[in-house]
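Take a look at this one chain, the form predicted on its own, written out in structure tokens.
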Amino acid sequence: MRALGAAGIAGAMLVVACGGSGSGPAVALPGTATGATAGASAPASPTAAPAPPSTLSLAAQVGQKMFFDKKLSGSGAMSCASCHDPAHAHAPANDLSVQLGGVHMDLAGLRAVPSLRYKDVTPPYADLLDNPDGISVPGPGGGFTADGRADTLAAQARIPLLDPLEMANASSAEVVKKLQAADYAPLIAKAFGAKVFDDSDAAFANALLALQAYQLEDKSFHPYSSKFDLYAGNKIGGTLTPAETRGLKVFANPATGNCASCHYQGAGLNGSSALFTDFSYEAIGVPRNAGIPANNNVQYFDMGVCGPLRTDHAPAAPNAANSFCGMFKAPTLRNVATRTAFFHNGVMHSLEQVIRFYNTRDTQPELWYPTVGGTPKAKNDPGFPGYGLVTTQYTGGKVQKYDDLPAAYAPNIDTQLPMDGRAAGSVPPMSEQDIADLICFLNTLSDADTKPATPTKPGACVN
């Protein structure tokens, strides 16, 4: 889906990278008016602090109260903010692959929790969504959650409230009863009418709309306050270093990082700079995470768009041909350097590890997937890398590549660079310098109120 548009997107990104002295781009990014200054309409003084209630609509004020209310969970110990901490870019504050929830807060989830930032302009899911680059052919895109099964923020909010592994309410009526007993029930009546609780289904629908309103209206969910935003808007403090500028080129270059093919989209909120996702879906064969209890069942596979959490694109029969199996949504890369759990299953725990996976999935698959039938070495060879998921070197055996996808769906795996299916043992697309520079650039996508999960060494991102 992405191959046709990679060169065009990369060219536009490289125009940005050619800002020369780092004074910021003088040419529009994709999605902004031709000849206009990129990101010129981004907020002049963005802030990620939660908005004071007076700046929010009544519905959004209700949503704000709900977002932090632990009493809305079956356990009484989990709120939306428990997993979507504003101090961590509305993502988890820990490095767990999946979070614990349930009535007793002892049940592990099935997927890593994403950030809730920059969701405000996400289109509904479509099997043939027009790609924002205007070049690539239409394909699966849009929607909320890793499989796109919710079309709006309101629909997404319903999932954790009722999921037995998350907030674990037995029914929507149970949520409404808790809202009716909340100290902010008068605010709910003020926002939605005095008879808001007369119809339980309507009251629950309004509650979901309130959570949606809060996320749409409160600028802490889309602050556009990163160094990249300052750079794109020609603002003070937005000068990219030589290392960051090289990293931007790696990000855009279809022959090396090629990140822009899935993680770039021109216009953000009010025309501000890139969203760093094109809302598309790809199957890239992320390794199985043995740390997720559901994966103890060898018959269980999380295959994204084709199930099991999403049911409308399920295979007609086990292993029946289905092009959607293994596909997950490309998330925004904004605040990616603040995360400590990556991919839909949280199997990786550092940004560097993720980039190295992209770079060596094909050239050194033994670093990422289990070897079957081999003999472990008593001591690894001196040159055996230690950054992979597999830290033991084997003699003989066969690497069980794509171990979290039934073999019938291996043909669905995307083979665009840097994961282009090149032979094991061949030279990977990115050099060590490319990797270091790319990490430097990705750190510029972090909002001003965040901290990097792994701070770069002093001076590493300068020259």
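All values derive from a computational prediction rather than experimental measurement. In this text, residue numbers run from 1 along the sequence as written.
Quick note: we don't show the form predicted together with a small molecule, though the next part is all about it.
Trainee: If the cut-off is 4.5 angstroms on heavy atoms, which of these, C83, I188, C325, A232, is the one near the small molecule in the model of the complex?
Mentor: By the 4.5 Å heavy-atom cutoff, the listed residue in contact is C83.
Trainee: If you check H313, R149, K249, H349 against the small molecule in the model of the complex, which one has a heavy atom within 4.5 Å?
Mentor: Of H313, R149, K249, H349, the residue with a heavy atom within 4.5 Å of the small molecule in the model of the complex is R149.
Trainee: Within 4.5 Å, heavy atoms only, one stretch in 292-300, 388-396, 210-218, 375-383 touches the small molecule in the model of the complex. Which?
Mentor: Selected range: 210-218.
Trainee: Do all of P331, R339 and D414 end up near the small molecule in the model of the complex, with near meaning a heavy atom within 4.5 Å?
Mentor: Affirmative, all three are within 4.5 Å.
Trainee: Mark P160 yes when one of its heavy atoms lies within 4.5 Å of a heavy atom of the small molecule in the model of the complex, and no otherwise.
Mentor: Close contact exists here: in the model of the complex, P160 approaches the small molecule to within 4.5 Å, heavy atoms only.
Trainee: So in the model of the complex, does R111 come within 4.5 Å of the small molecule, heavy atom to heavy atom?
Mentor: Contact check for R111: yes, within 4.5 Å of the small molecule in the model of the complex.
Trainee: For K178, is any heavy atom within 4.5 Å of the small molecule in the model of the complex, or not?
Mentor: Looking in the model of the complex, residue contacts with the small molecule do not include K178, since no heavy atom lies within 4.5 Å.
Trainee: Is it the case that H263, even though its partner is missing from this view, gets within 4.5 Å of the small molecule in the model of the complex, heavy atoms only?
Mentor: Residue-level check for H263: yes, a contact with the small molecule.
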